[in-house]
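Here you get one chain, nothing else, as C-alpha cells; it is the form predicted alone.
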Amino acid sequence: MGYFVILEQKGGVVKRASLDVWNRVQQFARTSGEKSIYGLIIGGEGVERSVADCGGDGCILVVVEPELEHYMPSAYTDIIAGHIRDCGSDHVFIANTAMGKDLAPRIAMRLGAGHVSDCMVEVGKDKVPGASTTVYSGKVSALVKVLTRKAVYSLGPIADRPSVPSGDGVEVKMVESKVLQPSAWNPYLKEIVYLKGRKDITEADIVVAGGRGVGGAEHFALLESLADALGGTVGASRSAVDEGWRPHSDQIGQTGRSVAPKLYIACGISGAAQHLAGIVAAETIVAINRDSEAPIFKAADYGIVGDVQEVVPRLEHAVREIVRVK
C-alpha cells in the first residue's frame, strides 16, 4: 500500500501544518505496521535543510531546483504525481493549507485517485485509512469511504498535535525532476510578504481575529497592537473581509482558512456556523462581543461582554503589564 506525504516548506523550514501531517502518518505506520513511508519536499536552494525537522522512519525525497522556489501548480503536480507512481504509494497525505487545497485535487485527478478534503484520518491494522469530515458548516460529521485504490487526503488542523516520532532515522534522497516552464497554465506564484514579518494565521499559536463588530478597518490597529503584545497574528471573519477591512488571506472560516492556535481571541465576531467551522481545532477561545446573546459565546471557553474598542486596549495593557513585571 504505502504512505506518501507531501511536505510544504518555506525558507528551508517545513511548515508546521505539514510537519503535523508527517508526524500523524508516522503514527499511522506504527499502528498499521506499514513500512513503506515516503515524503517529498520541493524547493529552491537550501531546501534540503528542512529535512532536519522530520523525525521517525521512512525516506524523504528532496527536489532542489531554483525554478521551484515558489509554487507552480502544473510543475508541482507533474513532479509529485511522478514520484508517487515511482514509489508505488496508494495513500497520499497533504496539509489542508492554501497550497494543499489547490494541489491535492490536481494530484488526485492525475493519479485517478479519490480525494477527501479537510478531513481527519485514522488507520487500523488493515493499513487502510478511514477518513471523516464535517458537513453543514461543521454541524454534522461524515465518514467517507474511498472506492478507488489510490486516495489523496487533505488533513485539517487538530488541537492535539502529534508528538515528534522516534525511529531509526529518516533516509534522505536528492532526486532530479524536469521542470515545466512557467506559462498561463503553469503560473509562477510570487512570495507573499506579511506586514511586520507576522506569521501566517495557519502557523500562529495565537490569533486575534476581528469581525464587523470591530467597527472599521482603522480599528484593526487595536487588534494588531494586542497581537503584537501577545506574540500572535491577526485574522478576520468573512464579514470583515467583505467590507474590505482585511485581505482574503486573513479570512477564517468555511470559505476562508482553518486555524489551530493555542489561543484564539474573537473580537466583534458574532459566531456564525461558517466561522466556527474554521476554529474547531483552537485549544482556547476567548470571545469579546457587546451582544451577550451572540452565538460565539457558546463556542468560547471565556467570554467578555463589552465593546471591542474599550475592552481590547485594556486587555493589551494588562498583557504588557504582566510582561513588564516578568
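Treat the numbers as computed from the prediction; the structure is a model and nothing was measured. Residue indices: 1-based, along the sequence shown.
If you look for the form predicted in complex with a small molecule, you will not find it shown, but the lines that follow are about it.
Contact between Asp291 and the small molecule in the model of the complex is found at the 4.5 Å heavy atom cutoff. Though the partner is left out of this view, Thr148 does not reach within 4.5 Å of the small molecule in the model of the complex, counting heavy atoms only. The shortest heavy atom separation between Pro261 and the small molecule in the model of the complex exceeds 4.5 Å. The closest non-hydrogen atom of Ala272 lies within 4.5 Å of the small molecule in the model of the complex. In summary, the region of this chain contacting the small molecule in the model of the complex, judged by heavy atoms within 4.5 Å and restricted to 71-79, 98-106, 140-148, 236-244, corresponds to 236-244.
Of the residues given (Gln254, Ser117, Ser177, Ser225), Gln254 alone sits with a heavy atom within 4.5 Å of the small molecule in the model of the complex. Taking a 4.5 Å heavy atom cutoff to the small molecule in the model of the complex, the contact residue among Gly213, Gly156, Gly232, Pro129 is Gly213.
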